[in-house]
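Only one chain is included here, represented as structure tokens and corresponding to the form predicted alone.
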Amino acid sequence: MDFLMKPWPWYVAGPCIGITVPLLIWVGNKRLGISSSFRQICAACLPANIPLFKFDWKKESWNLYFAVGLIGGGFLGGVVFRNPEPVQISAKTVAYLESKSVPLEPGLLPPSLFNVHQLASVKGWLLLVLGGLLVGFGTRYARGCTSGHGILGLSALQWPSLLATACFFAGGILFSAFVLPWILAL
């Protein structure tokens, strides 16, 4: 059971994720992706007069189970099988983050930036609320999320998925280099 307590190496985790795509298609003709489950939740909860949410959401309810499974898996991985060792970050990355005034605290999300009390501040609102809205808008605009394009689309050799994945990476690099330092300076 010790192997569950430590991060899996890329050569194990990668193929496990990769085998999911053909397995989903083979077993039930389903496509991997998570952003469509948000659309299904909205269709189930909001009035049907909004054109984007006017469809039979029950027909694709497996996606909601997939989303619940991701949340459950995150809980198991983060709480039950928690890795006791801190995340290892290279010295160059630490120096870069310190030069941009990014707080280096234990964990992947610094508690000084990502907590409930930060919602009352401009910095917290920009990072959490506006960031979440932009991610949601971006996934709908790109007609899929990073998992849908980066895993399913690339494995199917789809040109739009290659373009979307390149844009996801470029956007992340540009945000962390130019926008994040500006927000942290607030």
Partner chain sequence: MKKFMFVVIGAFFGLALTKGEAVSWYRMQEMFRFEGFHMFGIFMTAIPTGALGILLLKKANVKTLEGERVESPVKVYHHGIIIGSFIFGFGWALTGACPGPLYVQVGAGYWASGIVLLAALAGTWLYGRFQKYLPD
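Positions refer to the first chain, counted from 1. Just so you know, these numbers come straight off a predicted model, no measurement behind them. By rigid core we mean the largest C-alpha set that fits within 1.5 Å across both forms.
One more form of this protein should be noted, the form predicted together with the partner chain, which is absent from this view; the next part is about it.
Interface membership of Val122, defined by any non-hydrogen atom within 4.5 Å of the partner chain in the predicted bound form, is ruled out.
Remark: Trp159 counts among the residues lining the partner chain in the predicted bound form, judged by a heavy atom distance of 4.5 Å or less. Remark: Trp8 counts among the residues lining the partner chain in the predicted bound form, judged by a heavy atom distance of 4.5 Å or less. The partner chain in the predicted bound form comes within 4.5 Å of no heavy atom belonging to Phe55. Along 14-34, residues Gly14, Pro15, Cys16, Ile17, Gly18, Ile19, Thr20, Val21, Pro22, Leu23, Leu24, Ile25, Trp26, Val27, Gly28, Asn29, Lys30, Arg31, Leu32, Ile34 each place a heavy atom within 4.5 Å of the partner chain in the predicted bound form. With a cut-off of 2 Å and the rigid core superposed, Phe81 has a Cα displacement that falls short of the cut-off between this form and the one not shown.
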